[in-house]
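Below, in structure tokens: the form predicted on its own, a single chain.
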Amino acid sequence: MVGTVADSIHRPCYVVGGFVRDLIIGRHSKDIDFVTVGSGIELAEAVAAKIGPKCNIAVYRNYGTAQLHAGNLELEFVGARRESYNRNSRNPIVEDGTLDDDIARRDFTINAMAISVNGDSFGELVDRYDGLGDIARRIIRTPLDPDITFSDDPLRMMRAIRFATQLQFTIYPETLASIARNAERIKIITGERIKDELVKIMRSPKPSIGWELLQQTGLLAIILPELDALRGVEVVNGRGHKDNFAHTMQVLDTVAERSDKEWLRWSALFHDIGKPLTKRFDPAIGWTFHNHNFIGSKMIPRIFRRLHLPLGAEMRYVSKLVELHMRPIALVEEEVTDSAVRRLMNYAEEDLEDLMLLARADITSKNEAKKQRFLDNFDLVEEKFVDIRHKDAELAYRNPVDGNEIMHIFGLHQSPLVGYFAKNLKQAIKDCEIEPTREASIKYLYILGEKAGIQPVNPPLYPLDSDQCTTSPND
């Protein structure tokens, strides 16, 4: 239909850019860009009139573009143009141009193809820079000199890495070297635009591709130096630690394989972000990173603010998982008691499943026996989650010791003091200070009574399984 309208006003018209690339690759795309020689706005208005009143049109005269929303498709129209740049800005100086001018200004060869939609040449491919061949070779390459391409618009360096990550293509060596040469130019790009590219990298099937390319080209040291600082191995007295950047990439990809939750992926990326600040060498035990989880958690708000990431629930979630990611590992290294498991459940709350997924991904030891031992222990911990939920569901219908029994034990009548005992007992169970059993509850009530200056005067109404709680705490 667009081609028919273009023919009616005697305009050559082409589908260009990403839609052509995705059509060839076989990816679904609902955004279609059209370029015409002449006014793109005039063509868009003619198409909108043809579609009728259900078509919404937005015109941006300053940019010479117009967008149409038709059903679930978004169509953008622009006139063919050529561009020149000022070194201190990525905003181009735009002039009218030919189709060849317009194709030449495109960022990569795979995006520099066009397909005619006019009736007499419908479906003809215009491919001046062998984009079709680069798709077959799975290569990201610039149509023109990459130093000019990236210096003119440094955001294209991020886009190259993003496309390489999304499509799992290789960046052409000359193009990759140019990104490294021009990395400092990224400083003129706004944080919002950089954030948009990072988010797309994180949503890719294998996000590590992008982060490793960012690190390799020097962009990471500028954009996120805290993550770049994880790279490398330091050796003292023949003892080295693992490369924490490589470890982080492995954890990130493992999480990405198992979950499409975006903020869980960011938690994986940042889970060891505090290690460079906490790294110490102890001659007796080697390298340590004590409290790196707590330090890392405190770093998250500053990083999110700088990267223009959300500062609400998403940031709090990432900070929480970074802080807690060591808890499951510490738990399986000790005796897996109900109280320890319940504490973990209370800390993690509704994010417990995500925390355990992150903890499992964090086990990257090359010692397969050691790795399997940790994973088996995680299975045990998760079985206890189920058992404790069942126990807590039963206890939700009854308190281990009710108000009547509290009055009996201490010889009290109904009073605020009974409420004091009941309230503090309930809170102690909730905070995992004691096990939610009758024995532990009565022992705790005796301690509360001692603090309040009240001694028990009667034994419990119901027999205990153990006599440990029938004596005063002073005995």
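Throughout, we count residues from 1 along the sequence that is shown. Predicted model, so just to flag it, every value in this text is computed and none were measured.
Form predicted together with adenosine-5'-triphosphate: not shown, discussed below.
- prompt: Just one of 127, 228, 107, 253 has a heavy atom within 4.5 Å of adenosine-5'-triphosphate in the model of the complex. Which one?
  reply: Of the listed residues, the single hit is 107.
query: Which of 159, 265, 384, 81 has a heavy atom within 4.5 Å of adenosine-5'-triphosphate in the model of the complex?
result: That would be 159.
query: Heavy atoms within 4.5 Å of adenosine-5'-triphosphate in the model of the complex: does residue 275 have any?
result: No, residue 275 sits far enough from adenosine-5'-triphosphate in the model of the complex that none of its heavy atoms falls within 4.5 Å.
- request: With heavy atoms only and a cut-off of 4.5 Å, decide whether residue 459 touches adenosine-5'-triphosphate in the model of the complex.
  value: Output for residue 459 is no: heavy atoms all beyond 4.5 Å of adenosine-5'-triphosphate.
query: Within a 4.5 Å heavy atom cut-off, is residue 11 in contact with adenosine-5'-triphosphate in the model of the complex?
result: No.
field: residue 323, heavy atom within 4.5 angstroms of adenosine-5'-triphosphate in the model of the complex
entry: Residue 323 lies outside the contact set for adenosine-5'-triphosphate.
query: Of 115-123, 207-215, 362-370, 148-156, which is the one stretch near adenosine-5'-triphosphate in the model of the complex, taking non-hydrogen atoms within 4.5 angstroms as near?
result: Selected stretch: 148-156.
task: Can you tell me which bits of 227-250 touch adenosine-5'-triphosphate in the model of the complex, meaning any heavy atom within 4.5 Å?
output: If the 4.5 Å heavy-atom criterion is applied to adenosine-5'-triphosphate in the model of the complex, 227-250 yields nothing.
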